[in-house]
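Next up is one chain by itself, shown in structure tokens, the form predicted on its own.
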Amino acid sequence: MEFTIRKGKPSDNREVEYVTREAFWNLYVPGCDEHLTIHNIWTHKDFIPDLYYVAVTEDKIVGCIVFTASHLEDENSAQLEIVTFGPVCVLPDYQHLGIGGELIRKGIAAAKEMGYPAIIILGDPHNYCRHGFKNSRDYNISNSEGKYPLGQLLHLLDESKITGSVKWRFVYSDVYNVSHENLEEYDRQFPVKEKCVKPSQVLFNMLVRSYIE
């Protein structure tokens, strides 16, 4: 199947929210909140419009990736600006066709060209190690609690900036701290979908509680 990757634009945002909802519905929890996350990203200070891409086939958006600003902090509170992506997703009927991988590769290349030293994400290693991501423990980078989550993954873009000799902690944008107070009201703007429990939710619950020593 032929598809193209292009820069996202504000007129794409509503369709991208729909794609995000379809892609994540019942995947990690009954229902999802990723579409609200991406809705909040559009107007947040950490959104990076130059790192917003959509996948299009036959004039239809079938996938997307968005990036936000984040940073590392060392033990002396010095900061190093990096980026984070998410959500990245593809409509269920278009998955396993290489679209998600191409979105990720495009985002990585663009972030490197813009001079960012690293990308850190929170995700399933099965999906991202093939794209050059490693656990952040390999680079001496913990989360804000000093722990090393299994799903905290780093793609190094500039080896001179992050060598593992300095202990860092990862600080991501507060836009990902989604409040569910308005989720139900926001969700009513979309077609009704049934919430249910799936095995992928059980696996996700295990992954988010897994740490590397």
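In this text the structure is predicted, and so the values were computed from the model without any measurement. Note that residue numbering begins at 1 and tracks the sequence as displayed.
Another form exists, predicted together with a small molecule; not displayed. Remarks below refer to it.
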| So which of I120, A111, C89, L72 reaches within 4.5 angstroms of the small molecule in the predicted bound form, heavy atom to heavy atom? | C89
| Wondering, does L27 line up within 4.5 Å of the small molecule in the predicted bound form on heavy atoms? | yes
| request: Examine R130 and determine whether its closest non-hydrogen atom to the small molecule in the predicted bound form is within 4.5 angstroms. | output: yes
| task | Report yes if any heavy atom of Q79 sits within 4.5 Å of a heavy atom of the small molecule in the predicted bound form; otherwise report no. | result | no
| request: Flag I99 as yes or no: does it have a non-hydrogen atom within 4.5 angstroms of any non-hydrogen atom of the small molecule in the predicted bound form? | output: yes
| Within 4.5 Å of the small molecule in the predicted bound form, do we find a heavy atom from each of D46, Y116 and L156? | no
